[in-house]
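One chain comes next, on its own, written as structure tokens: the form predicted on its own.
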């Protein structure tokens, strides 16, 4: 089991760098920075992290194909990779409805957009001219000059992870991804996902063992389990509010509860969310509790096929303390 950390750049970049350095010192192998227009820009943030660290892999988790051209994405991640001395990784996913509504984007053909963007970026990272005539991506002799390793001395064979949730995107991840980032925290989600990833891998003549299956979890750890659950519940609430009917049914959450949670979010009633979202719900949509509880849950995820645990928001009531506790957990593996 590998360990990563997800950080949202909604705090000053140098504070994010301090968290990342602490994570590196505690044994984390990956840091994933979210890419949303309303936070600090992801690639400039990654560049600062590259300069502040020595060995942790640094990734965008995840970029979507609509707000950036694949040429811009390739140039951006190649620049980060050069600064980091070959430590960059790239996550590409279909994006989220709230972003598209805010920016006036349609978000059409997500499966084609993700597959074609990943394909085009890989081509561009060779430093060669790329022409592409897809349904979502169209390029004519586009080239990233400095991506040629002969010019920089840096290998630009950057691993590409696919952010996936639905069956078709999971299947695509199995076919084309070096890894897959799945927003999930319960073993049942990964047992179901593994079927689709395996299907995609077999279609492409690949072995699923070649694919890093990453659990992008809502994670909350503290010596006091009540505090850990209280920190996790607002994040779990947002996950539930945006979850598909299939996912909610799998975890026994009714449409009425989903609507009640969505209503509380709209009102900004985050205190009320702690009452609506029960500990049982938090257990289905988060990894939360004290050290022993979280360690047991992570081991169950490993049994379900997860090869990278990405500890995501909120981490816990205190980020610095949570990073130390997860570092202790890494030593257990």
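Positions refer to the first chain, counted from 1. All figures in this text were calculated on a predicted structure; none of them were measured in a lab.
Note that the form predicted together with a small molecule isn't included here; everything after this is about it.
Partner contact region in the predicted bound form: 60 to 68, out of 301 to 309, 288 to 296, 23 to 31, 60 to 68, criterion any non-hydrogen atom within 4.5 Å of the small molecule. Taken together, the three residues 96, 165 and 182 all come within 4.5 Å of the small molecule in the predicted bound form, as judged by their closest heavy atom.
Only one of the listed residues (169, 247, 80, 231) places a non-hydrogen atom within 4.5 angstroms of the small molecule in the predicted bound form, and that residue is 169.
None of 86, 149, 225, 110 but one reaches within 4.5 angstroms of the small molecule in the predicted bound form through a heavy atom, and that residue is 110. In the predicted bound form, residue 161 stays away from the small molecule, with no heavy atom inside 4.5 Å. Looking at residue 219, you'd find every heavy atom of it more than 4.5 angstroms from the small molecule in the predicted bound form. The small molecule is not drawn, but in the predicted bound form it has a heavy atom within 4.5 Å of residue 36.
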